[in-house]
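Taking the form predicted alone, here's one chain by itself in structure tokens.
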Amino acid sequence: MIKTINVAQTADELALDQGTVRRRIKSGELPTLKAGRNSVITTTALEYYKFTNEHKITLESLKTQAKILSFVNHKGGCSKTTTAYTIAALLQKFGNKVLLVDLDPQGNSTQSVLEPLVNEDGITLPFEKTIKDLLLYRKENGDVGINRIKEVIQPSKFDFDCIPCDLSLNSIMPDLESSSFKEVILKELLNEISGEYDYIILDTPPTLGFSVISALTASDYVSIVSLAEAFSLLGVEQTVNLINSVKSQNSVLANPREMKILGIIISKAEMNTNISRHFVAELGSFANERSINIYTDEIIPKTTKIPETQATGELITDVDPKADAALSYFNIAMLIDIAVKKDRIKEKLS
């Protein structure tokens, strides 16, 4: 159960008066979730505030240079896409500039975060250009150019930017896979736009194939999204093996060795059942044996609210900010931001 505190308790913890706390909430310096006129504050939000306040000058001096984060799992239905765009929205809310890249031909992220293109007859049209066009151009012509990339980027409903995807991506996969430097096409493409963002979030398809290898090669960080059910441990183990395989590529161009696993995110868990508790314990043991972080205090519970928000094109953190699922996403996003910012500070100081 994620602990929440009120403004008075927050003021005591931070040794501030309540008026100052409210002003810092309003400015976004202290992140909260809005529940009507009230603010939902977690103890992790206090940690986040203390960290960003302590390193404020250093963080402000950092050059904008995107860190690329992939969300992966080769099983469908594990809330990977929902996790990717919810985390993207929260990172944007925390003051970062975020780009979400949909790499799944099913286009679920695209459909969830972008307003559909509808003609005068009410027919939904595909986006004129997608990630497919950028990848193909990069493969055939080399540098795409920032202006051409910006032509494909769409503003999302949740303030971050998005490069859309649809089934047409499948049509160029054989062509991409025949390239001599196939694994680095996406990485080189994202390098062209990385100076415009703090984070580039990759929503990957449910596979362990070329698309995910390409995403991992491009990534600085990866988060694994897993269910708490039978075969989930096997899926996580296979994904970790693939990550390690990609990290060991002996290619100067790929150079993915510094990629870090930020953690395992557990979704759709029913922690009131023995079976979910059993599989969570198994995942915890697996992670501990390999020194992989697992968000055991931020397990995302199974709830009807998430499919409802998927259907209405909303965020669980907006619709039901006091729900356990919303609080879990909120805390995970802050923990990700802290971990990445710590690394960026180390890079600057070194």
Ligand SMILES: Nc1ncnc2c1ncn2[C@@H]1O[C@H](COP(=O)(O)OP(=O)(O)OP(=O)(O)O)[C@@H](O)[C@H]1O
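Residue numbers here begin at 1 and follow the sequence given. On a predicted model such as this, the values are computed, not experimentally measured, just so you know.
Quick note: we don't show the form predicted in complex with this ligand, though the next part is all about it.
Would you check, heavy atoms only and a 4.5 Å threshold, whether Cys78 touches this ligand in the predicted bound form? Yes, Cys78 sits close enough to this ligand in the predicted bound form that at least one of its heavy atoms falls within 4.5 Å.
Quick one: does Lys67 come within 4.5 Å of this ligand in the predicted bound form, counting heavy atoms only? Lys67: no, not in contact with this ligand in the predicted bound form.
Would you classify Gln310 as touching this ligand in the predicted bound form, given a 4.5 Å non-hydrogen atom cut-off? Close contact exists here: in the predicted bound form, Gln310 approaches this ligand to within 4.5 Å, heavy atoms only.
Verify the contact flag for Ser211: yes if a non-hydrogen atom of it lies within 4.5 Å of a non-hydrogen atom of this ligand in the predicted bound form, no if not. Although this ligand is absent here, Ser211 would stay clear of it in the predicted bound form, with no heavy atoms inside 4.5 Å.
Of Thr217, Gln92, Thr82, Thr110, which one comes within 4.5 Å of this ligand in the predicted bound form, counting heavy atoms only? The option sitting close enough to the partner is Thr82.
Among Thr130, Ser156, Ser223, Ser267, which has any heavy atom within 4.5 Å of this ligand in the predicted bound form? Contact residue from the list: Ser267.
In the predicted bound form, do Leu103, Leu242 and Ser248 all put a heavy atom within 4.5 Å of this ligand? Per the other structure, none of Leu103, Leu242 and Ser248 touch this ligand.
Interface stretch in the predicted bound form with this ligand - options 58 to 66, 299 to 307, 279 to 287, 25 to 33, non-hydrogen atom within 4.5 Å: Of the options, only 299 to 307 has residues within 4.5 Å of the partner.
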